[in-house]
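Only one chain is shown below, in structure tokens, and it's the form predicted alone.
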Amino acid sequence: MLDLISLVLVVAVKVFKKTTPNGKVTVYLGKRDFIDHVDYCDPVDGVVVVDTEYLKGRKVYSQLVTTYRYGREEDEVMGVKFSKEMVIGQEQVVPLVNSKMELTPVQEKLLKKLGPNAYPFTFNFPEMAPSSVTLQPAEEDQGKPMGVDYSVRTYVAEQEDQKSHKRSSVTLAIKKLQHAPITRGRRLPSSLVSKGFTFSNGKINLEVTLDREIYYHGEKIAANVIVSNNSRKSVRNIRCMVVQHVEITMINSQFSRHVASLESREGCPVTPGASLSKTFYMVPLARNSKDVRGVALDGHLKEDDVNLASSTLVAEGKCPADAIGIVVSYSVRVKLNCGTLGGELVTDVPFKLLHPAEGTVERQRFNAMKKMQSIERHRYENTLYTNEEEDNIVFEDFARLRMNEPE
């Protein structure tokens, strides 16, 4: 009888890495997406591996940098800049200053695997730091897109404020995102509006109710529409839209974009004295709005990573208007066409669009869907099976930044 050999199957830890052009410094990050849980935010934890003989007395510094671009790069003339870069965290990595740093599990595993020339670093996002958002440019736009982005910049220099050389510096783009709470709540957002007409008795009543307050990216939105016509006018058609509202706080600019829409004449016209009850289904997706300039996206690093920007969440007791960066919100808008003279009856019902929270069944389903899409596109798997715990790390090179990255 054959003996059964039991193997411990360990899911690999995926680690991203990027090396300076001269090959002397390599930066490792356990992830690219860091989640803002409203009451706290994931720390940016990484490891730097350096050729110590190359340093010759110099030091290695690392920075957490955010860039807020609120205008088109091609419109910058006569020294006027429409972007602001801020270093929100800086640390000397080599020689290590904070030897009592509390290490994360990924850092411990990397230090064990990469040897004595590996040094850890950790950054924390400031309170109320904005989420990563990219405003989709038009085809004719040039330069960097508007939005808020983050990066980890590592360089070799003699002093902290010394200008780094491109050969010995490396920049890794990261994202700061927000996820939905564990529970979605039981409140069903709704709106009830009426419209009367000059020289005509009675009104048209419109009631719109959503089936939930928080939706996940890729989910179907169900809007139940009830029309009661107590006027002498007729409702000719109904149009439903998912509207993304964007506020650029730096310049106090606001605008809206339609990210899903449909029009229906079923059950129309709703004649005087009649009523109509109908449920409309819409799925707002970034790929269906890729030609619309100004649509806010979760700051994306890969084409297959693109999602519409999540709703901006703020801590309890704080006003959404106090949030900085680019503030994003969503609503379902329903329009009744009451004819040329009757005009339109319009109402908006707000909701939140977010990623599922970590640890939930919905999050597992969302990750599985993303993984299948990645496998289909790239034809490789991100998991590895091994019986040696210390080797279960998969390294992936960071994709080169889209614009103006040091060579």
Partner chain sequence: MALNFTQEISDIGPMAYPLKMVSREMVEHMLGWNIPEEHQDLVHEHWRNFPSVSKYWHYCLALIYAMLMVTSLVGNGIVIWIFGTSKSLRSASNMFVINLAIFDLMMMLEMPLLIINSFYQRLVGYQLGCDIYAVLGSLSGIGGAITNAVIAFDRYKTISCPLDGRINKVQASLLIAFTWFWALPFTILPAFRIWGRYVPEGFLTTCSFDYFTDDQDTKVFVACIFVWSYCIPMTLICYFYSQLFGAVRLHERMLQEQAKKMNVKSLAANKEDASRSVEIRIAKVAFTIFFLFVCAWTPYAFVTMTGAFGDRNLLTPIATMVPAVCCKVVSCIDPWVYAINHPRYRAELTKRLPWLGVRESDPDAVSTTTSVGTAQSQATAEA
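No experiment lies behind these values; they were computed from the predicted model shown. Positions refer to the first chain, counted from 1.
This protein has a second form, the form predicted together with the partner chain, left out of what is shown; the following refers to that one.
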> Given that the partner chain is left out here, which of Thr279, Ser200, Gln90, Ser190 has a heavy atom within 4.5 Å of it in the model of the complex?
Replying inline: Gln90
>> Only one of Glu102, Asp211, Glu219, Glu85 gets a heavy atom within 4.5 Å of the partner chain in the model of the complex. Which one?
In response: Glu85
>> Within 4.5 angstroms, counting heavy atoms, which one of the listed stretches 109-117, 242-250, 228-236, 308-316 is next to the partner chain in the model of the complex?
In response: 242-250
>> Whether Gln142 contacts the partner chain in the model of the complex should be assessed with a 4.5 Å heavy atom distance threshold; does it?
In response: yes
>> Check Pro130 for me: does it contact the partner chain in the model of the complex (non-hydrogen atoms, 4.5 angstroms)?
In response: yes
> So, in the model of the complex, is Val94 in contact with the partner chain at a 4.5 angstroms heavy atom limit?
Replying inline: no
> Does any heavy atom of Val170 come within 4.5 Å of a heavy atom of the partner chain in the model of the complex?
Replying inline: no
> Going through 61-94 from first to last, which residues have a non-hydrogen atom within 4.5 Å of the partner chain in the model of the complex?
Replying inline: Thr66, Tyr68, Tyr70, Gly71, Arg72, Glu73, Glu74, Asp75, Val77, Met78, Gly79, Val80, Lys81, Phe82, Ser83, Lys84, Glu85, Met86, Val87, Ile88, Gln90
